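A single chain, nothing else alongside it, follows as structure tokens in the form predicted alone.
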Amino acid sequence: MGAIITLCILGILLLYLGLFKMNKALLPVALVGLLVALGFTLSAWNTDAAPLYNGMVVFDRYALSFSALCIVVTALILLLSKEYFRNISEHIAEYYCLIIFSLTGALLVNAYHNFAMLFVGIEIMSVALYILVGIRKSDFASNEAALKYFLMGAFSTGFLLFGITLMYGASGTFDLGALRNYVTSAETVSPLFYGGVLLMLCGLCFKVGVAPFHFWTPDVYDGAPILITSFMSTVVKIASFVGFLRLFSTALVPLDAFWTPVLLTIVIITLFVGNASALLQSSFKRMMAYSSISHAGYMLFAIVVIGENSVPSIFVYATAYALASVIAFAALILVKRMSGSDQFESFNGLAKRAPWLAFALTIAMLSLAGIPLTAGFIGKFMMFNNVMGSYNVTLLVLAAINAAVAVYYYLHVVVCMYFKNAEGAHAGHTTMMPAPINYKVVLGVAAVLTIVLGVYPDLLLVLFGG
């Protein structure tokens, strides 16, 4: 709870710093606050994991590990913000404040043990993002993205609340432990409860952006500022999956024969829609948006084949995906700053102009594609291993086909960087504008971690006794 209180105080403090025009202090104060929140999170690692505050939240290792991951990824994203926000607006305190409050909501979702806290966490996380997505008031694409995100977010929240209502009507409780007792002890589970499960499933699928509930994802990711897109596709997606997994692993396992076929259908649709759409894109940013849909499909494997390996599998996959995404969006910011475009052609000849940047981006693309010696390979291997353990051969074959398709469009970026020459205004340029030191730090740290975790995955698995 110390981390959540710290982040709340930090958000208010950042607003006051902006009020007194202390813009240079915003980033250092935000990073120090995140470091303190991370310290509180890690300090609770060996404490009692019983539900607190009348069962509202539970800070078990499951919640603490994902909370620490969200805090670290947010710190990396904020490190990229120093130059980025300054180029957008003179008033940048609200950017930092809203990101911190959104992170606070993500931590609440990670630790919820009661539907009331799930709803509060999702709303805190989402409302801040509605503003961040449309914060460029003069940009039509940003305004459109904010409106779509708000409308679809409200729509999905309606599904979520209706599902909670039906489940409460059947069981008389919002508590996950009591819901599990109801499911296991009731002679006949009420039809209301089954309807609530389906509506909750729809609402959570909206939040994580899987097909056929994905229609908002590409337009919102494309219209939002790149740094906000990176936050949405990493921290927000991870927290939403944690909430998804906690509900199904804690309370709904006894009903898996009911919801598994539904979720399995969603997974297959998601993999094909995400990868097929990403394959057709000419914009790097939209390709990343559609690929995030396909990655959501892989992460759903941990819920479809729910078991003791689900939590470590989704943690490793989420870590690998977050690190690679941070690298990809950081590279996109630098390339777009130089070329003014996010098309694949903007990456032509990048290896000659900025070899260090091209190398880091190559590591990210290889990790997202699941190539060995990267963290992404370990994440995919663990997900595939779960499916193999349940003898779901059809899903495994379909996932392997989609993984092969993903390799093609990820390596397309690598081909552009190393085997194509720059065109247009950049044809004669052999060097690129020097990147700020904070970008070099983020790219270096994320790339090294991607390789290290790909070679020594036990560094993460030991957290769960793996």
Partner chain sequence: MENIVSNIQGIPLNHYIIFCSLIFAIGVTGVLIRRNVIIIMMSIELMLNAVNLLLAAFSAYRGDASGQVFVFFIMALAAAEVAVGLAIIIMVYRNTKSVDIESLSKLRW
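Numbering follows the first chain given and starts at 1. All values reported here derive from a predicted model rather than from experimental measurement.
There is another form of this protein, the form predicted together with the partner chain, and it is not shown here; the text below is about that form.
This chain is drawn without the partner chain; in the model of the complex, the residue among Phe272, Phe174, Tyr194, Tyr84 with a heavy atom within 4.5 Å of it is Phe174. Here is the short version: of Ala278, Ala145, Met299, Ala360, the single residue with a heavy atom within 4.5 Å of the partner chain in the model of the complex is Ala145.
Although the partner chain is omitted here, in the model of the complex none of Arg337, Glu345 and Tyr439 has a heavy atom within 4.5 Å of it. Between 104 to 112, 328 to 336, 125 to 133, 240 to 248, the stretch whose residues reach within 4.5 angstroms of the partner chain in the model of the complex through a non-hydrogen atom is 125 to 133.
Put simply, Tyr168 is close to the partner chain in the model of the complex: some heavy atom of it is within 4.5 Å. Although the partner is absent here, Gly349 sits far enough away that none of its heavy atoms falls within 4.5 Å of the partner chain in the model of the complex. Pro212 falls outside the set of residues with a heavy atom inside 4.5 Å of the partner chain in the model of the complex.
In the model of the complex, at least one heavy atom of Gly223 sits within 4.5 Å of a heavy atom of the partner chain. Interface residues of 259 to 287, taken as those with a heavy atom within 4.5 Å of the partner chain in the model of the complex (partner not displayed), are limited to Arg286.
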